[in-house]
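Next come structure tokens for two forms of one protein chain, structure 1 first, structure 2 second.
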Structure 1
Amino acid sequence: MSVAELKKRHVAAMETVDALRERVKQKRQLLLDTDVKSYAKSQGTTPISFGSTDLVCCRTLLGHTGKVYSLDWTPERNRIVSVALDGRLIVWNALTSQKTHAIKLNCPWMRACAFAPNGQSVACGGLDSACSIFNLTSQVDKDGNIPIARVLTGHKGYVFSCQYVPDQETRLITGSGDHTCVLWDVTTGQRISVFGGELPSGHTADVLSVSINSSNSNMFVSGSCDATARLWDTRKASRAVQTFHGHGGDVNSVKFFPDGQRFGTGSDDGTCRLFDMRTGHQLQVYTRQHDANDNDVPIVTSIAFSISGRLFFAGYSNGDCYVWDTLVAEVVLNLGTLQNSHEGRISCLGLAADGSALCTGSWDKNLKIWAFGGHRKVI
């Protein structure tokens, strides 16, 4: 068979796939008789009332000299780790704003970081296509740096995301520009499972974000430049459990809903979405109205849920940070308009384990901690 014939058959096959995908989409639309917003409003649900003093900036963490790209909280909520394009990994005391560690990295182009569940180790990855592990209890060298405890190598593309498995300090999942996710044994540095790549159900572009289900740590979801989110089971790496369509651009951020049955996404198309992993349906789209001729719609860079799931936090490329009411799909607060807000793109955000504070990181080189003010109940 000639190359021309193969190309012709490939084009025909892709047209068939697109037609089937459209038919599935139409069938699902017939089954979707409502969305979360419509149902909530039919039940008389009203938006949460939020004032400008209900969530206030109580700390600004100064120390990075480059754009901040990633952050993570320890489970005990008093420490934060961050990486930036200054070649530094910094561990902060969230209560005092003081740095407890400032580690000089071999690669200055870091894109991801994570705390181990026990808070004694941190991981970071970036454009070196590796994930480096540091033990924070190790002795510092003569230059004041903590030596690398382990380097996880094997990816053939940049490491864009990493997260420790919540109940296993020795397990870590990474997402990469090589279109794969990998489950690692941190102790040995070996790959346990590879998700995607040559698999037909894997991502077809860079994996930008991963989120592990805290209710069932065998399940995780990934977001990619192929405009999809995919659900994986670490016990069955051979194929994705489910693929979720709907976005019209890169899926930059994914995060499980607190109950572990749903997850949220944020995308270059400027929208956030809520998906149900049991039915495979999209439950809600979170978007602001924009002029049809406006080609500069802010992209969603990062997302997080409050501990109850009622609030949906989303950071945007224009410096906005919306607090969405998850049920009625309305913005109840924009941190970008408050006093002491960031002066650049919101690149990452994360919620403390007890839900009492939100940390945001920005291209303005700073991190900010936002806490519920006054007698405001944490939700």
Structure 2
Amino acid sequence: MSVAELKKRHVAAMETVDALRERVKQKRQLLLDTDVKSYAKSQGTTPISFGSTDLVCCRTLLGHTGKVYSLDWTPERNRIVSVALDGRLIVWNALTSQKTHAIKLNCPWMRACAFAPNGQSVACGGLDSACSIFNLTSQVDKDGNIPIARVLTGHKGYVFSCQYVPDQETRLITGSGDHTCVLWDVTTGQRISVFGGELPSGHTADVLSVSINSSNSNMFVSGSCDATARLWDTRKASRAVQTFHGHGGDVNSVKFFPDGQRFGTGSDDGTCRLFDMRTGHQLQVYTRQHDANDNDVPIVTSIAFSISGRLFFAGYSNGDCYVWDTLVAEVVLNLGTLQNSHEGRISCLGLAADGSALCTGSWDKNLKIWAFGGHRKVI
């Protein structure tokens, strides 16, 4: 068979695939009788009301001298790790707002950081295509730096995200610019499995974000520059369990819903979406009507769900941070307009494990901790 013939066949096959995809999409549209918003409305759900003082900035963590790119909480909710463009990884005590560790990194261009479930070590990854692990309990050297405990190398592209598997100290999942996600064994530094890459069901562009299901740590979801989110099972690295289309731009952030049955995404197209794992459907689009000039839609950089999932927080590139009511799909509060809000793009945000506080990191070099007002219970 000649090359030309093969190519012709390939083109024909691709066309068929596209046509089938379109049909699936249409079929889905037909089957999708409602979305979250209209169902909630029909049930008479009203949006949660927020006063301007119900969620306030109670701590400002000053100390980075560059744009903050990533943050993570410890499970015991009192410490935060952050990395910024000043080449420092800082561990904060969220209660006193003091630094407990400030580690100077070899490579200042870091994109991701994570706390281990036991709070003893932190991981960070960035443009050096590796994920560095620091053991916080280890001895500091004469410059006050903590030596790198282990470097996870093997990615062929930049590491954009990393997260520890919640119930296993030694497992870590990274998402990288080489289109793959990797499950690592931290103690040996070896790759356990690689998700995507050569596989036909893998991402076709950089993986920007990963989120591990907290109720079933074998499942994780990844968001990518190919505008899709993919669901993976760590026990079966051979193929993606499911692919979720819908976004019109890079998926910058994915986060599991607290019940582990669905997940939210935030994208370059300025929308957040809620997808359901069981049906594979998109449940709801969260978007705000913007002014006429469409090309200036602020992109969603990061999202996080409240402890119940009723609310979720979305950081935008223009410095806004919306609090969405997940059910009625309305913005109930904009942290960007509150007192003491950030002056730059919100680059990352995360909720404390008990849901009592939200931490936001911004390009204005600061991190801020927001907490619910005293008379309001955590939702």
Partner chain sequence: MAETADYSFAVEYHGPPLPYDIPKAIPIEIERIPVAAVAPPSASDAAEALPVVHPLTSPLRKAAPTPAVEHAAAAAAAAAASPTSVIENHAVMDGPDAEAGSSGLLGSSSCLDRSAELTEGGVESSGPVGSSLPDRISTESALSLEFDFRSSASENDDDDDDDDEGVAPHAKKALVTFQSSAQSSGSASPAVGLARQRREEFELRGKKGACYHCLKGSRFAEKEACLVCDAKYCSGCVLRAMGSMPEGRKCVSCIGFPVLESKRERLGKCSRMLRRLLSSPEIELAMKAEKNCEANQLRPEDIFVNGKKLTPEELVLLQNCSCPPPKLKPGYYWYDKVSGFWGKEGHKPHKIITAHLNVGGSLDSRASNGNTGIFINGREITKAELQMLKWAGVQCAGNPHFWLNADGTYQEEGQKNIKGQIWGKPIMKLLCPVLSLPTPTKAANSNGDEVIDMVRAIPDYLEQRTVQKMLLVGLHGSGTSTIIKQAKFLYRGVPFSNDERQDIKVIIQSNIYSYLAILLEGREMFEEESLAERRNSCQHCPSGNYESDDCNRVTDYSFSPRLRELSDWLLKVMASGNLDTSFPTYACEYAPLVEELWNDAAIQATYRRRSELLMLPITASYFLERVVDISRMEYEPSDKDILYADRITSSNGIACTDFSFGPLACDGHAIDGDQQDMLLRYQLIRIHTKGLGQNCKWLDMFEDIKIVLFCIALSDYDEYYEDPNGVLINKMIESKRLFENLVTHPTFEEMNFLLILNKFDLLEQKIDTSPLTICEWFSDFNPVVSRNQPSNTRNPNSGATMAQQAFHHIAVKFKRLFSSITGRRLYVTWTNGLAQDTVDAALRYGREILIWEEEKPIFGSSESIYSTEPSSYSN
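Just so we're on the same page, residue numbers count up from 1 along structure 1's sequence. Between two forms, the rigid core is the largest collection of C-alphas that superpose within 1.5 Å. Because the structure is a prediction, the values reported are computed rather than measured.
Form assignment for the chain places structure 2 as the one matching the criterion, namely the form predicted together with its partner chain. With the core held fixed between the two structures, K25 has its Cα displaced by under 2 Å. On a core-based overlay, R9 has a Cα shift of 4.2 Å between the two structures.
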